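The data below hold one chain only, encoded as structure tokens and taken in the form predicted alone.
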């Protein structure tokens, strides 16, 4: 069959992204062919196309890490040791792929697909797997947030942030939210019920003072966990306010996003040279931990995906927030909108 994809011939510039038609082979052993109806966008897509993502494929590739659609066909059975697929032809499913989601159809391991929950649209489902698993793994499996702990949540109005807020509330944590714009602060207060004193619009010049004010409002003398996808100059003030046994979890570096459409940006070199550094020996004295992860790790432990999906669905019973939808043909515009920092919730392409 023939499908349409957005393909980049090599990383380095968003201007190299091209829409084209190409052949898709039949699904292989243990695979399912999915007719894609929605694609979730991630900062990793932009960083990969710019060549700033450690897992960027060499040469030509199709970006995209998550999708939702309908199973059109199943390939032959996989190896005897491979579990039978839990989906059938005609099922509405969502899933993750290590690149390749900016497509109208794709082949994916059938056992790693999840059924779309009742009442969710394809766009809702495409907004779920990467953000949900990022928040779950970082907060539950790495940070092991406990009831009553105080958590600083960066980018709280983004796709990961909103799902992280749901997870943290289910765990009984007190959450201090940080956003980049006043509109996002108002959204969290009015639509997510966050107390005004616990939502900060980050300011590079006085971020430490902002954190102190929020801690005072929360009746706390420090954070137990910092969940950070921004890094840059905001990392060290947050780290300095960790309690003993506090955990800093870093899963992104949005502060390093270039302003233009190309990787070459002199400001990035300056930011890199000024990047925060933490002395490992000081961690023993302060009794703090620093952890980082990239969701690509899941591809080495993909057998854990179905269990993680099930745990997430028990907590995140409402559909994720889809902040803006773009037609599939407008993928470059959607990536530019995501890159701008204006988005709230998830940005989704609809086929």
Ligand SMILES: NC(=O)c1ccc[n+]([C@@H]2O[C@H](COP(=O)([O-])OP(=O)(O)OC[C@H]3O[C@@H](n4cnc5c(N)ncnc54)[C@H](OP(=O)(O)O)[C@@H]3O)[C@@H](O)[C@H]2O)c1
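Residue numbers count along the first chain shown, from 1. Note that this is a predicted model, so its numbers are computed, not measured.
Below, we refer to the form predicted together with the ligand, which is not included among the displayed structures.
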query: Option from 214-222, 141-149, 176-184, 115-123 whose residues, in the predicted bound form, bring a heavy atom within 4.5 Å of the ligand; finding: 176-184
query: Residues 60, 104 and 328 all lining the ligand in the predicted bound form, heavy atom within 4.5 Å; finding: no
query: Residue 309, heavy atom within 4.5 angstroms of the ligand in the predicted bound form; finding: no
query: Residue contact check: residue 289 to the ligand in the predicted bound form, 4.5 Å heavy atom; finding: no
query: Exercise: residue 202 in contact with the ligand in the predicted bound form, heavy atom 4.5 Å; finding: yes
query: Any non-hydrogen atom of residue 168 within 4.5 angstroms of the ligand in the predicted bound form; finding: no
query: The single option of 110, 226, 96, 160 touching the ligand in the predicted bound form, heavy atom within 4.5 Å; finding: 160
query: Of 237, 252, 100, 232, the one that lies within 4.5 Å of the ligand in the predicted bound form (heavy atoms); finding: 252
query: Within 123-152, the residues that have a heavy atom no more than 4.5 Å from the ligand in the predicted bound form; finding: 130, 131, 134
